[in-house]
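To begin, one chain is listed below as C-alpha coordinates, in the form predicted on its own.
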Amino acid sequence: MGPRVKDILLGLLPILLALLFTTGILLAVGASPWEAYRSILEGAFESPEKVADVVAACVPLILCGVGMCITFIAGQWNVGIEGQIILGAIFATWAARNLPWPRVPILTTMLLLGMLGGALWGFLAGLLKVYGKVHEIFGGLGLNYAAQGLAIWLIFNPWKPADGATMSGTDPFPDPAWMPRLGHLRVAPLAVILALLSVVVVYFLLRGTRWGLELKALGKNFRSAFLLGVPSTPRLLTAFAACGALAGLAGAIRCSARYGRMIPEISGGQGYLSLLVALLAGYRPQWVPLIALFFAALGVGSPRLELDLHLDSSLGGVLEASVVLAVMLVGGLRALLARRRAQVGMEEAA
(Lines give C-alpha, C1' and ligand atoms only; values in the text may rest on other atoms or scores of the structure.)
Protein backbone atom coordinates (compact mmCIF):
# COMPACT_ATOMS: atom_id res chain seq x y z
CA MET A 1 0.00 0.00 0.00
CA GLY A 2 1.51 3.32 -1.12
CA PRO A 3 1.99 6.28 1.24
CA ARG A 4 -0.62 8.36 -0.59
CA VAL A 5 -3.25 5.64 -0.16
CA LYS A 6 -2.37 5.41 3.53
CA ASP A 7 -2.79 9.18 3.91
CA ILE A 8 -6.23 9.03 2.25
CA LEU A 9 -7.35 6.15 4.48
CA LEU A 10 -6.08 7.92 7.60
CA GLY A 11 -7.92 11.05 6.47
CA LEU A 12 -11.18 9.10 6.16
CA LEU A 13 -10.73 7.27 9.47
CA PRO A 14 -11.90 10.19 11.69
CA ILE A 15 -15.13 10.51 9.69
CA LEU A 16 -15.78 6.78 9.98
CA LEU A 17 -15.14 6.91 13.73
CA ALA A 18 -17.50 9.87 14.10
CA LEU A 19 -20.22 8.08 12.12
CA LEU A 20 -19.81 4.98 14.30
CA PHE A 21 -20.09 7.09 17.45
CA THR A 22 -23.19 8.93 16.21
CA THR A 23 -24.71 5.67 15.00
CA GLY A 24 -24.26 4.24 18.48
CA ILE A 25 -26.11 7.21 19.98
CA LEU A 26 -28.98 6.83 17.50
CA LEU A 27 -29.29 3.12 18.19
CA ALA A 28 -29.27 3.79 21.94
CA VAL A 29 -32.30 6.08 21.62
CA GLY A 30 -34.11 3.69 19.29
CA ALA A 31 -33.75 5.73 16.10
CA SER A 32 -32.71 4.48 12.68
CA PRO A 33 -29.21 5.76 11.77
CA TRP A 34 -29.96 5.34 8.07
CA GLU A 35 -33.11 7.43 8.30
CA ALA A 36 -31.34 10.10 10.34
CA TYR A 37 -28.47 10.50 7.88
CA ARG A 38 -30.88 10.42 4.94
CA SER A 39 -32.98 13.12 6.57
CA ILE A 40 -29.95 15.37 7.05
CA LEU A 41 -28.87 14.93 3.42
CA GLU A 42 -32.38 15.57 2.12
CA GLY A 43 -32.69 18.63 4.34
CA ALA A 44 -29.50 20.04 2.88
CA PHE A 45 -29.86 19.15 -0.81
CA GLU A 46 -33.53 18.45 -1.52
CA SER A 47 -34.13 21.60 -3.57
CA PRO A 48 -32.24 24.43 -5.31
CA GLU A 49 -33.18 26.71 -2.41
CA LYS A 50 -31.58 24.35 0.12
CA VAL A 51 -28.46 23.91 -2.00
CA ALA A 52 -28.19 27.70 -2.22
CA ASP A 53 -28.52 27.93 1.56
CA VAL A 54 -25.69 25.42 1.98
CA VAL A 55 -23.46 27.35 -0.42
CA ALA A 56 -24.27 30.62 1.34
CA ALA A 57 -23.45 29.05 4.71
CA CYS A 58 -20.09 27.93 3.31
CA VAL A 59 -18.92 31.46 2.53
CA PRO A 60 -18.11 32.73 6.07
CA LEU A 61 -16.74 29.31 7.04
CA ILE A 62 -14.37 29.36 4.06
CA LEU A 63 -13.21 32.92 4.67
CA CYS A 64 -12.66 32.42 8.39
CA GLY A 65 -11.29 28.89 7.98
CA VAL A 66 -8.68 30.09 5.50
CA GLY A 67 -7.80 32.94 7.85
CA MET A 68 -7.44 30.50 10.73
CA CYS A 69 -5.01 28.47 8.62
CA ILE A 70 -2.71 31.50 8.58
CA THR A 71 -2.60 31.92 12.35
CA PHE A 72 -2.55 28.18 13.05
CA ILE A 73 0.47 27.75 10.79
CA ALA A 74 2.16 30.51 12.78
CA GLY A 75 1.40 28.57 15.97
CA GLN A 76 -1.33 30.94 17.18
CA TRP A 77 -4.89 30.17 18.29
CA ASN A 78 -6.79 33.20 17.02
CA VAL A 79 -9.92 32.59 19.08
CA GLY A 80 -10.73 36.29 18.74
CA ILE A 81 -11.97 35.69 15.20
CA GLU A 82 -15.57 36.07 16.39
CA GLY A 83 -14.86 39.65 17.40
CA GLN A 84 -13.11 40.26 14.09
CA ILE A 85 -16.25 39.18 12.24
CA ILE A 86 -18.29 41.60 14.33
CA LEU A 87 -15.91 44.52 13.74
CA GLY A 88 -16.02 43.86 10.01
CA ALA A 89 -19.80 43.98 10.16
CA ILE A 90 -19.74 47.21 12.18
CA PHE A 91 -17.42 48.96 9.73
CA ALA A 92 -19.50 47.77 6.77
CA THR A 93 -22.72 48.89 8.45
CA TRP A 94 -21.31 52.35 9.02
CA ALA A 95 -20.60 52.64 5.28
CA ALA A 96 -24.06 51.36 4.33
CA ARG A 97 -25.77 53.86 6.64
CA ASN A 98 -23.68 56.94 5.87
CA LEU A 99 -22.52 56.76 2.25
CA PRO A 100 -25.38 57.34 -0.25
CA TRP A 101 -23.48 55.91 -3.22
CA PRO A 102 -24.46 53.64 -6.15
CA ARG A 103 -24.17 49.86 -5.77
CA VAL A 104 -20.65 49.21 -7.06
CA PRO A 105 -18.79 51.87 -5.03
CA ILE A 106 -20.80 51.30 -1.85
CA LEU A 107 -20.38 47.52 -1.92
CA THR A 108 -16.67 47.88 -2.65
CA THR A 109 -16.29 50.33 0.22
CA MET A 110 -18.28 48.12 2.60
CA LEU A 111 -16.12 45.08 1.83
CA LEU A 112 -12.87 47.01 2.13
CA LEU A 113 -13.95 48.66 5.38
CA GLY A 114 -15.08 45.29 6.69
CA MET A 115 -11.61 43.90 6.00
CA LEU A 116 -10.07 46.94 7.69
CA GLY A 117 -12.21 46.55 10.81
CA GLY A 118 -11.42 42.86 11.14
CA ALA A 119 -7.71 43.46 10.48
CA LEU A 120 -7.53 46.15 13.19
CA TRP A 121 -9.23 43.87 15.74
CA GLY A 122 -6.92 41.01 14.78
CA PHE A 123 -3.91 43.32 14.98
CA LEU A 124 -5.01 44.34 18.48
CA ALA A 125 -5.10 40.67 19.52
CA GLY A 126 -1.57 40.36 18.16
CA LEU A 127 -0.40 43.43 20.10
CA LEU A 128 -1.81 41.98 23.31
CA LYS A 129 0.05 38.75 22.58
CA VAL A 130 3.39 40.28 21.67
CA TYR A 131 3.65 43.31 23.94
CA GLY A 132 1.10 42.60 26.67
CA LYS A 133 2.16 38.95 27.12
CA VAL A 134 -1.53 38.02 27.07
CA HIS A 135 -2.12 34.55 25.67
CA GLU A 136 -3.97 34.79 22.37
CA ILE A 137 -6.81 32.59 23.63
CA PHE A 138 -7.59 34.81 26.63
CA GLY A 139 -6.96 38.02 24.73
CA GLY A 140 -9.13 36.85 21.86
CA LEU A 141 -12.01 35.85 24.12
CA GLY A 142 -11.88 39.21 25.86
CA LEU A 143 -11.92 41.05 22.54
CA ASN A 144 -14.88 38.93 21.43
CA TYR A 145 -16.93 40.14 24.39
CA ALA A 146 -15.82 43.72 23.79
CA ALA A 147 -16.84 43.54 20.13
CA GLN A 148 -20.19 41.99 21.02
CA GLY A 149 -20.84 44.72 23.58
CA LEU A 150 -19.95 47.41 21.06
CA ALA A 151 -22.31 45.91 18.48
CA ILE A 152 -25.20 45.76 20.94
CA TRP A 153 -24.58 49.34 22.10
CA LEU A 154 -24.61 50.62 18.52
CA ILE A 155 -27.79 48.72 17.64
CA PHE A 156 -29.66 49.88 20.75
CA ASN A 157 -28.39 53.46 20.77
CA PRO A 158 -27.06 55.47 17.80
CA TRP A 159 -28.17 52.94 15.15
CA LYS A 160 -31.55 52.02 16.61
CA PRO A 161 -34.57 52.15 14.28
CA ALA A 162 -36.88 55.16 14.47
CA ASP A 163 -39.65 53.11 16.11
CA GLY A 164 -37.37 51.78 18.84
CA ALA A 165 -34.50 49.37 19.30
CA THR A 166 -35.16 45.64 18.92
CA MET A 167 -33.13 42.44 18.74
CA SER A 168 -33.92 42.34 15.03
CA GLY A 169 -31.15 44.88 14.51
CA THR A 170 -30.81 48.14 12.64
CA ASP A 171 -33.04 49.43 9.90
CA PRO A 172 -32.55 47.54 6.61
CA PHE A 173 -29.73 48.82 4.45
CA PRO A 174 -30.53 50.96 1.39
CA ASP A 175 -30.96 48.86 -1.75
CA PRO A 176 -27.49 49.63 -3.23
CA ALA A 177 -25.86 48.21 -0.07
CA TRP A 178 -27.47 44.80 -0.60
CA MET A 179 -25.18 42.30 -2.34
CA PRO A 180 -27.00 40.97 -5.45
CA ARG A 181 -28.36 37.44 -5.07
CA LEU A 182 -28.82 34.70 -7.65
CA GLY A 183 -32.44 35.20 -8.63
CA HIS A 184 -34.74 34.23 -5.78
CA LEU A 185 -32.06 32.10 -4.11
CA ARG A 186 -30.41 33.28 -0.89
CA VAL A 187 -26.87 33.11 -2.20
CA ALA A 188 -24.74 35.97 -3.55
CA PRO A 189 -22.43 34.92 -6.41
CA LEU A 190 -19.95 37.67 -5.54
CA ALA A 191 -19.63 36.33 -1.99
CA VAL A 192 -18.88 32.82 -3.28
CA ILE A 193 -16.27 34.18 -5.71
CA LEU A 194 -14.55 36.15 -2.95
CA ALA A 195 -14.47 33.11 -0.66
CA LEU A 196 -12.92 30.86 -3.32
CA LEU A 197 -10.49 33.61 -4.32
CA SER A 198 -9.31 33.82 -0.71
CA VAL A 199 -8.47 30.10 -0.80
CA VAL A 200 -6.31 30.55 -3.89
CA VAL A 201 -4.54 33.65 -2.58
CA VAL A 202 -3.76 32.23 0.86
CA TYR A 203 -2.66 28.90 -0.63
CA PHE A 204 -0.02 30.61 -2.78
CA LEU A 205 0.99 33.01 -0.01
CA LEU A 206 1.69 30.15 2.38
CA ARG A 207 3.38 27.92 -0.17
CA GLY A 208 5.16 30.31 -2.49
CA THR A 209 6.34 33.32 -0.49
CA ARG A 210 8.99 34.06 2.09
CA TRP A 211 6.24 35.35 4.39
CA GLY A 212 4.52 31.97 4.38
CA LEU A 213 7.79 30.12 4.95
CA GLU A 214 8.62 32.32 7.92
CA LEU A 215 5.16 31.80 9.43
CA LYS A 216 5.69 28.04 9.18
CA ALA A 217 9.08 28.38 10.84
CA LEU A 218 7.52 30.31 13.73
CA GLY A 219 4.85 27.68 14.11
CA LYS A 220 7.36 24.82 14.15
CA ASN A 221 9.76 26.33 16.66
CA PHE A 222 9.37 29.97 17.63
CA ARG A 223 12.70 30.38 19.41
CA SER A 224 14.73 28.63 16.72
CA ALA A 225 13.08 30.72 14.00
CA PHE A 226 13.88 33.90 15.95
CA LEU A 227 17.51 32.87 16.40
CA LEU A 228 17.77 32.18 12.67
CA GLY A 229 16.71 35.73 11.89
CA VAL A 230 12.96 35.47 11.30
CA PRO A 231 11.34 38.81 12.28
CA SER A 232 8.94 37.18 14.73
CA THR A 233 6.98 40.22 15.92
CA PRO A 234 6.11 41.65 12.48
CA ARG A 235 5.22 38.20 11.16
CA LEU A 236 2.89 37.39 14.05
CA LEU A 237 1.18 40.77 13.79
CA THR A 238 0.65 40.39 10.04
CA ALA A 239 -0.71 36.87 10.57
CA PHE A 240 -3.30 38.15 13.04
CA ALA A 241 -4.15 41.08 10.78
CA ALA A 242 -4.51 38.88 7.68
CA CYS A 243 -6.79 36.46 9.50
CA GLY A 244 -8.79 39.38 10.89
CA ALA A 245 -9.17 40.90 7.42
CA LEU A 246 -10.73 37.71 6.08
CA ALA A 247 -12.99 37.45 9.13
CA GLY A 248 -14.00 41.10 8.70
CA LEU A 249 -14.82 40.38 5.07
CA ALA A 250 -17.05 37.54 6.27
CA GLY A 251 -18.79 39.95 8.64
CA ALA A 252 -19.38 42.49 5.88
CA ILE A 253 -20.80 39.77 3.62
CA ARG A 254 -23.14 38.49 6.35
CA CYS A 255 -24.49 42.05 6.75
CA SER A 256 -24.84 42.75 3.06
CA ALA A 257 -25.68 39.37 1.50
CA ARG A 258 -27.54 37.53 4.26
CA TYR A 259 -29.35 39.96 6.57
CA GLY A 260 -29.24 43.34 4.84
CA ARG A 261 -28.77 44.93 8.27
CA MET A 262 -26.67 44.73 11.41
CA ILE A 263 -28.04 42.30 14.00
CA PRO A 264 -26.75 41.59 17.53
CA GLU A 265 -25.67 38.01 16.68
CA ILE A 266 -24.07 38.88 13.36
CA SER A 267 -21.15 36.48 13.90
CA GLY A 268 -23.50 33.55 14.46
CA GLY A 269 -20.73 31.40 15.95
CA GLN A 270 -19.09 31.17 12.53
CA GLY A 271 -15.69 32.04 13.97
CA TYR A 272 -15.70 29.19 16.46
CA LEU A 273 -16.97 26.78 13.81
CA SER A 274 -14.25 27.90 11.40
CA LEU A 275 -11.70 26.93 14.03
CA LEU A 276 -12.96 23.36 13.68
CA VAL A 277 -12.89 23.69 9.89
CA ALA A 278 -9.23 24.70 9.95
CA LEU A 279 -8.38 21.87 12.34
CA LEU A 280 -10.05 19.28 10.12
CA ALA A 281 -8.36 20.74 7.04
CA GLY A 282 -4.98 20.25 8.70
CA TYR A 283 -4.26 23.99 8.25
CA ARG A 284 -4.23 23.47 4.46
CA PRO A 285 -6.34 26.13 2.70
CA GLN A 286 -7.10 23.92 -0.31
CA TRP A 287 -9.12 21.55 1.89
CA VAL A 288 -11.12 24.26 3.67
CA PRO A 289 -13.98 24.51 1.10
CA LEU A 290 -14.68 20.76 1.30
CA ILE A 291 -14.72 20.75 5.12
CA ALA A 292 -16.84 23.92 5.14
CA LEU A 293 -19.33 22.22 2.81
CA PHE A 294 -19.62 19.33 5.29
CA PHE A 295 -20.34 21.64 8.23
CA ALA A 296 -22.71 23.83 6.19
CA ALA A 297 -24.69 20.80 5.02
CA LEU A 298 -25.02 19.58 8.60
CA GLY A 299 -26.19 23.00 9.75
CA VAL A 300 -28.81 23.35 7.01
CA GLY A 301 -29.96 19.72 7.03
CA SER A 302 -30.12 19.00 10.78
CA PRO A 303 -33.47 20.79 11.41
CA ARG A 304 -35.13 18.12 9.26
CA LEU A 305 -34.46 15.62 12.07
CA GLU A 306 -37.15 17.25 14.20
CA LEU A 307 -39.69 17.20 11.39
CA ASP A 308 -39.05 13.68 10.11
CA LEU A 309 -37.90 11.69 13.15
CA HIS A 310 -38.76 13.90 16.13
CA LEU A 311 -35.06 14.01 17.05
CA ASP A 312 -33.35 17.12 18.35
CA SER A 313 -31.50 19.00 15.60
CA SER A 314 -28.50 19.27 17.93
CA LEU A 315 -27.56 15.79 16.67
CA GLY A 316 -25.83 17.61 13.84
CA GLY A 317 -23.66 19.38 16.41
CA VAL A 318 -22.88 16.02 18.03
CA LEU A 319 -21.70 14.72 14.67
CA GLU A 320 -19.56 17.82 14.11
CA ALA A 321 -17.95 17.55 17.55
CA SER A 322 -17.33 13.83 17.21
CA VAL A 323 -15.59 14.36 13.87
CA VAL A 324 -13.26 16.92 15.44
CA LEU A 325 -12.52 14.69 18.44
CA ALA A 326 -11.84 11.75 16.11
CA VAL A 327 -9.44 13.88 14.05
CA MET A 328 -7.55 14.91 17.17
CA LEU A 329 -7.45 11.29 18.38
CA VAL A 330 -6.16 9.97 15.06
CA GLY A 331 -3.65 12.83 14.85
CA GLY A 332 -2.36 12.01 18.32
CA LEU A 333 -2.02 8.32 17.44
CA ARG A 334 -0.14 9.18 14.23
CA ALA A 335 2.25 11.43 16.14
CA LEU A 336 2.80 8.72 18.75
CA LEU A 337 3.54 6.11 16.08
CA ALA A 338 5.91 8.50 14.32
CA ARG A 339 7.85 9.10 17.55
CA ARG A 340 8.08 5.39 18.22
CA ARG A 341 9.34 4.70 14.69
CA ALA A 342 11.92 7.44 15.09
CA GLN A 343 13.00 6.04 18.44
CA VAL A 344 13.34 2.52 17.00
CA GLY A 345 15.35 3.89 14.10
CA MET A 346 17.74 5.69 16.43
CA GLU A 347 18.17 2.56 18.56
CA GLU A 348 18.91 0.45 15.49
CA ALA A 349 21.40 3.02 14.21
CA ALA A 350 23.15 3.04 17.59
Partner chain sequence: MEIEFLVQTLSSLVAAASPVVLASIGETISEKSGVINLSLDGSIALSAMTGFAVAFTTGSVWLGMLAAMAVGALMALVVAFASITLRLEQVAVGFVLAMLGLELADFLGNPFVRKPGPSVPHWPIPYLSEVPILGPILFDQNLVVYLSFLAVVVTWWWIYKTQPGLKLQGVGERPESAFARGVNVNRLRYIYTVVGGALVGLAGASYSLSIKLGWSHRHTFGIGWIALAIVIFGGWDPWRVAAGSYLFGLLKALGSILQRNPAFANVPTQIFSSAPFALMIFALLLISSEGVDRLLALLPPRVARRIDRAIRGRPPGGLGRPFVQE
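Positions refer to the first chain, counted from 1. We call the rigid core the largest set of C-alpha positions that still match within 1.5 Å between the two forms. Values in this document were obtained by computation on a predicted structure and should not be read as measured data.
Just so it is clear, the following notes concern the form predicted together with the partner chain, a form of the same protein that is not shown.
> Given a 4.5 Å cut-off on heavy atoms, tell me which of 249 to 257, 135 to 143, 92 to 100, 193 to 201 is the interface stretch with the partner chain in the predicted bound form.
It is 135 to 143 that comes within 4.5 Å of the partner.
> Please check if residue 161 has a heavy atom lying within 4.5 Å of any heavy atom of the partner chain in the predicted bound form.
No, residue 161 sits far enough from the partner chain in the predicted bound form that none of its heavy atoms falls within 4.5 Å.
> For residue 290, is any heavy atom within 4.5 Å of the partner chain in the predicted bound form, or not?
It does not: once the partner chain is placed as it appears in the predicted bound form, residue 290 has no heavy atom within 4.5 Å of it.
> With the partner left out here, check for me: in the predicted bound form, does some heavy atom of residue 19 sit within 4.5 Å of the partner chain?
Residue-level check for residue 19: no, no contact with the partner chain.
> Taking the shortest heavy atom distance, is residue 241 within 4.5 Å of the partner chain in the predicted bound form?
Result no; residue 241 lies far from the partner chain in the predicted bound form.
> Looking at 106, 73, 275, 230, which has any heavy atom no more than 4.5 Å from the partner chain in the predicted bound form?
Of the listed residues, the single hit is 275.
> Given that the partner chain is left out here, which of 130, 205, 165, 182 has a heavy atom within 4.5 Å of it in the predicted bound form?
Checked against the cut-off, the match is 130.
> Is the partner chain in the predicted bound form near all of 32, 38 and 234, within 4.5 Å of a heavy atom of each?
The answer is no: none of the three residues contacts the partner (heavy atom, 4.5 Å cut-off).
> Out of 308 to 327, which residues reach within 4.5 Å of the partner chain in the predicted bound form, heavy atoms considered?
Counting only heavy atoms within 4.5 Å of the partner chain in the predicted bound form, the contacting residues of 308 to 327 are 310, 311, 312, 314, 315, 317, 318, 321, 322, 324, 325.
> Does the distance between the two CA positions of residue 54 reach 2 Å or more between this form and the one not shown, the core being superposed?
No; residue 54 is a residue whose C-alpha shifts by less than 2 Å between this form and the one not shown when the cores are overlaid.
> When the two forms are laid on each other by their rigid core, does residue 25 show a Cα shift of 2 Å or more between this form and the one not shown?
Result for residue 25: yes, a 2 Å-plus shift.
> Core-aligned, does residue 303 move its Cα 2 Å or more between this form and the one not shown?
Residue 303: C-alpha displaced by 2 Å or more between this form and the one not shown.
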